[in-house]
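Take a look at the structure tokens below, where one protein chain is shown in two forms, each on its own, as structure 1 and structure 2.
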Structure 1
């Protein structure tokens, strides 16, 4: 399939989670405007996204919830799932691991890394924590393709460089430092200070 727009992919992820929720309500089908209500967006946008992924519903009946969930899975997930590492086991790192533990998803956090020797060797939310030195070895051996950076800003740049050398494919950067990675690594910056300041601006006057 042709590459989907960024924003569509984001929404697909959200559709899927909303649909899984909805499914537990027992209904088999759902209309575009119902999906839209779940996410507080418009029905057109939903239909357009579904058009882009080539999924087509039934007139007057809407979309088959299970089918749609499955289709989205085929788009986002790989057959065997992808492995994720978390680098930096501070509060943020543990929060991230907490989010995932217990959820059966095709993304599984399989390793954590930290410099603090008190943390290495322990298990957090079911995930073993290793020393940063072992990172390259373990990422290669385990076939980890995605890394989350949750170390303080000062260290983030070095961690990113090290990650790139391991052959990682994607990085989610929670640190406030902008990172620079080669084009074959997909980077998503995710800086909460920026977001808060943005809110501050838009809240300001009006």
Structure 2
């Protein structure tokens, strides 16, 4: 399969979560407009995304929910799963680990890093926290491929550079500092201030 667009991959993840809830309600089939209603998007968009992954339903029953969940899993997940590290164990870092714990079987947070000696050597949401100086050794030893950055903005660039040198191939940046990484590293940045200001704008307009 060809590489999918970023937004399509995002929606596939959302489809799977919505479908898992739908399946738990005992329903075996679903139509594109029903998926669209669950995610507040259009049925046309749903059909386009599913056509991109080569999956079609039937006019009479729509999509087989369990089958679609399995297909999305084969596309998004890796067979053996992937390991994740969180750098920065402040309130946000701990919240990320606590929220993520037990949510997925193919992605697992296995290490956390911080410079504060009062945090290192402790366990957060079942994850050991190490000193930042140990980051390269731990990441290489554990085979960690993804990192979440939740450090203050002034530290983010230095942390990202260190992560790239360890062989990290994907970074989720929660710091307010935009990052530059090599082309082989996939970067996703989440700017909470921008998101809130966007919401505030539309609240004002409405």
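These numbers were taken from a predicted model, which means no experiment stands behind them. Positions refer to the first chain, counted from 1. Take the two forms, superpose them, and find the largest set of C-alpha atoms that agree within 1.5 Å; that set is the rigid core.
- Annotation: structure 1 represents the form predicted together with a further copy of the same chain, while structure 2 represents the other form.
- For residue 20, the Cα coordinates differ by under 2 angstroms between structures 1 and 2 after the core has been superposed.
- Residue 184 is not among the residues whose C-alpha shifts by 2 Å or more between structures 1 and 2 once the rigid core is aligned; its shift stays under 2 Å.
- After superposing the rigid core, the Cα of residue 197 is displaced by 2 Å or more between structures 1 and 2.
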